[in-house]
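Given next, in structure tokens, is a single chain: the form predicted on its own.
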């Protein structure tokens, strides 16, 4: 069956459905294509953090701040309960060396408008009980929040459908049609779709879409393993990370020669509690190809690290573990915007562990670029062409 659309979005995670929602809201006829099901990739196997203070000062934090503002009204816009809560968050600091790094990090974040401060150990205990007494202190920001990522994904999709979007699940792309460097459409296992605009929002699988048209997209899958407890009474204050998590994310080369299993796996604390009471304990940041299995070593090192920082976690029962692939880029920034020399082809991928936090702003930016040719902020630093030229 042949179809026509103004825009085709590839990928049914939070990035793809957010873009579909914002474009449909503006009157565009959008078809979203997903080879499996909604939230079947990283969006269904991640934590729930909308944490701002983990973002590198600069455009990354600017994006997060703008996205955070959008979250405040998003539930109403979508007419869907996404379990959004403005909880606040902390980053735990273990050593004087980490403290020095985080003091500089925090000062640069404050300069961009983030409400964040450094707490000593006793002050940190006022926000999160049970912290190990070896900690030097923590950061704290009241702006951090969390959301149910699967409900967010479904909420974007449902609202997009109300605006006329069509979502094709279990649909695989077999060919992208290009003529004279202009996108003309694509072929799928369910027929041909004619469109002048395609958005590659396939996350860790974005490179396989790029290869169909000769693009080498520098995104690598980075596995994140997370352990989940039974429901327990309220324990986690909001979003709790560790400074090691920040270092593992932005400076993995610092640990290249380490013999520690935890360091090799990029383990850093990521802790939050769902509305139902389950505690999410993460996470690894490891390059394991497209393998999404949980590993005995990964789970062991996550739990060793978490209980070292918050010993009371030892009293809680684990019920399961999940793993998903975060789309990593060499500079830690997503690829957003049009591809030079290929009219109508856009990238919206490479968010790594920030897809949930940046989904609303990504949807708005891509919708702006397609409908208006520009957006509200300078996104040159995010252009795919920084790697594809």
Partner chain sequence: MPETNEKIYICRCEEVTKEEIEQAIKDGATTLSGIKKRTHAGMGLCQGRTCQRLIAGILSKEREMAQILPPTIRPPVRTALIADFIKED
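Because the structure is predicted, anything quoted here is derived from the model rather than measured. Positions refer to the first chain, counted from 1.
This protein has a second form, the form predicted together with its partner chain, left out of what is shown; the following refers to that one.
Its partner chain in the predicted bound form comes within 4.5 Å of no heavy atom belonging to residue 111. Using a 4.5 angstroms limit between non-hydrogen atoms, residue 261 is distant from its partner chain in the predicted bound form. In the predicted bound form, its partner chain sits within 4.5 Å of a heavy atom belonging to residue 300.
When its partner chain is considered in the predicted bound form, residue 219 lies well away from it, no heavy atom lying within 4.5 Å. Residue 313 is the only one of 209, 313, 131, 204 with a heavy atom lying within 4.5 Å of its partner chain in the predicted bound form. Residue-level contacts in the predicted bound form: of 343, 56, 40, 28, one residue has a heavy atom within 4.5 Å of its partner chain, and it is 40. The candidate site formed by 162, 165 and 192 is entirely out of contact with its partner chain in the predicted bound form, as no residue has a non-hydrogen atom within 4.5 angstroms of it. This chain is displayed without its partner chain, yet in the predicted bound form the stretch 322 to 330 from 47 to 55, 352 to 360, 65 to 73, 322 to 330 comes within 4.5 Å of it by heavy atoms. Taking its partner chain as positioned in the predicted bound form, the only residue of 170 to 188 that brings a heavy atom within 4.5 Å of it is 170.
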